[in-house]
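Starting off, we have a lone chain in the form predicted alone, written out as structure tokens.
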Amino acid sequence: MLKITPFKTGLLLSSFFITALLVCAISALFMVPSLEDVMANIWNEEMQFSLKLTLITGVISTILVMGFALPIGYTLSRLDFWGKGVVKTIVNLPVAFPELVLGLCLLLLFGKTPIGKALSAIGLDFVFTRKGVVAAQFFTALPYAIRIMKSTFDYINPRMEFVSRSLGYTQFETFIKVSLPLAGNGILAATVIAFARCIGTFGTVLILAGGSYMKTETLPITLYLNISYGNMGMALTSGIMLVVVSFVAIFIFEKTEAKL
């Protein structure tokens, strides 16, 4: 039987207090607008465009994020090389940046710099385009996925990989057939977190892609624009859609993780 002490009581009370506040805050989002208003706004042309763009760019960005987070996370976990500390600091730096600052950095990079001009010459225009939405989401979510993958590989015993190498597997074959299967839960967690960060990215998208009406308008941009217009019904519906999509992603993660 659990023995209740003042310390444990304090821990439980603080946990329940914050949980209750979050429940009240999220519940308020669903209780303020009427069901009829929400349903009408969901089928609004602007909302449909915003939802589709958010999901499509979110999926594309998440795939790109995981394509880079896996090798980078493994590199930082397993390899020792000169400048490793600097690399770790730089790839984690966007986590500490306000999204607006990150968006400004990307806007300058993909603008009139040699890199921006070179990318533009091959058709990769990121400034005020839908490609810019993907780029903004990618750079916002990537540091989180890298941190999760590095931690995941840190907890995998390197001896298993050494045994694989001693049995004749190359380092690449060991990575594919041993390391990745053992990192299954971490990969799933990183994917869900990356997707949630992608669909929730606001400041970076606003600065780099412009947040243009019915062009680069994701759900967070829809919420911002409609609050600016005073259209609270659409703004609240945008918030509800973001919460629902995030809840579904986390729910699928929890169910899938339990089966692994």
Partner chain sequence: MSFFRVEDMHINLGEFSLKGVSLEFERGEYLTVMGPTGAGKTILLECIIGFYHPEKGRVFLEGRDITDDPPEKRRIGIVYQDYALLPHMDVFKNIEYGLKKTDSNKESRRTKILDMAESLNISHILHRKPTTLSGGEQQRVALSRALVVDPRLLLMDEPLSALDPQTRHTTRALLRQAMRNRDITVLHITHDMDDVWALADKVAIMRDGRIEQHNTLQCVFNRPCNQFIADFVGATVFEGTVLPSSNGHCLIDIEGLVLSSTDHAQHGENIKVALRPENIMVFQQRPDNHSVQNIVEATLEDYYKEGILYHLFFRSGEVRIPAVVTSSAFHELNLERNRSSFLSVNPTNVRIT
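Model, not experiment: these values are computed from the prediction. Positions refer to the first chain, counted from 1.
The same protein has a further form, the form predicted together with its partner chain, not shown here; the description that follows concerns it.
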item	value
Every residue of S77, W82 and K88 near its partner chain in the predicted bound form, heavy atom within 4.5 Å	no
Its partner chain contact in the predicted bound form: K117, any heavy atom under 4.5 Å	no
Contact flag, N157 vs its partner chain in the predicted bound form, heavy atom cut 4.5 Å	yes
is_contact(L100, its partner chain) in the predicted bound form, heavy atom dist at most 4.5 Å	no
Close approach of I122 to its partner chain in the predicted bound form, 4.5 Å, heavy atom	no
Partner-facing stretch of 181-189, 124-132, 89-97, 67-75, counted where any non-hydrogen atom is within 4.5 angstroms of its partner chain in the predicted bound form	181-189
Residues in 214-247 with any heavy atom within 4.5 Å of its partner chain in the predicted bound form	none
